[in-house]
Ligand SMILES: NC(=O)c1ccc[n+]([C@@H]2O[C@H](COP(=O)([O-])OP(=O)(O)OC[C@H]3O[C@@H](n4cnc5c(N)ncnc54)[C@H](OP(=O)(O)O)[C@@H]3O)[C@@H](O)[C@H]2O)c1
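Heads up, the chain below is alone and in the form predicted on its own; it's given as C-alpha cells.
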C-alpha cells in the first residue's frame, strides 16, 4: 500500500489530497497545525488516516515527526502548506516580519520537510516530492504584480526545487513544482476557475506519470509547462 505525507491538510487543496488518496486506498499522513480544530480532516477518520500536529515553520516539530515515522517509507511527500496576507501583500503594505513569515512557510519550511523526510522518500517505491507552488512565482507570467511576499517566496520555492532535483537525483527522487490553478479555497475565495476536487484530481493523474525526466520542472495542474 503506497503512502503519502501531506502538509497543510486541514483545509483546501491539502484536505482534498487527503480525501482522494484515502479513497484510492493509500495510507495518508496528514499534517495540520491544529489537529483538534481540523473538523473536516477529522471527519475523514479511518484506519489509513494518521493525523499529526505539524507546523512547517517549526523545525523541531518537523524533526520529531520524522523520528516518529522512522523506518516508514513515504512514496509521495506533498509540501502543500501555505499562507497569504491578503491586502497586506500589496506594495508598501507589509512589514519585514510578515515577508519573512511567508519565506519561513513556503521556503524554509518546505526545505526542512524535504531534509527531514528524504530518507523516508528514498526508501519508498515511488520516491516523489511535489511542491505546491503558484503561477505567481513565475517570472515569465504576465500580470504578476502586487502580492510581493507571496510571489517572491513562491519563486524561491521554485528555485530550491530545481536545485533539489539535481542533488536528489542520485537517490532516484523526483522533485517537481505544481501550480494547482486558481482554486476555490478559504485562501483564494469562492470565485475561482477550479474546485479543489478538479484541481487535485488533475494533479493526482499527473503525479502518476512523474519520472526522472520531470524532476526539476514547473507544471500546471494539467501537465502544461510553466515558464520560470
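Residue numbers count along the first chain shown, from 1. What you see is a predicted model, and the numbers here were worked out from it, not measured in a lab.
Keep in mind that the form predicted in complex with the ligand is missing from the display, and what follows is about it.
- In terms of contact with the ligand in the predicted bound form, the residue from 183, 44, 164, 69 that brings a heavy atom within 4.5 Å is 183.
- Only one segment in the set 69 to 77, 132 to 140, 114 to 122, 87 to 95 has residues whose heavy atoms sit within 4.5 Å of the ligand in the predicted bound form; it is 132 to 140.
- Within 4.5 Å of the ligand in the predicted bound form, a heavy atom is found for all three of 9, 12 and 82.
- Contact check for residue 156: every heavy atom lies farther than 4.5 Å from the ligand in the predicted bound form.
- Proximity of residue 169 to the ligand in the predicted bound form falls outside the 4.5 Å heavy atom cutoff.
- In the predicted bound form, residue 105 approaches the ligand with a heavy atom inside 4.5 Å.
- For residue 33, a non-hydrogen atom is located within 4.5 Å of the ligand in the predicted bound form, even though that partner is not displayed.
- For the stretch 48 to 78, the set of residues having any non-hydrogen atom within 4.5 angstroms of the ligand in the predicted bound form comprises 54, 55, 56, 57, in sequence order.
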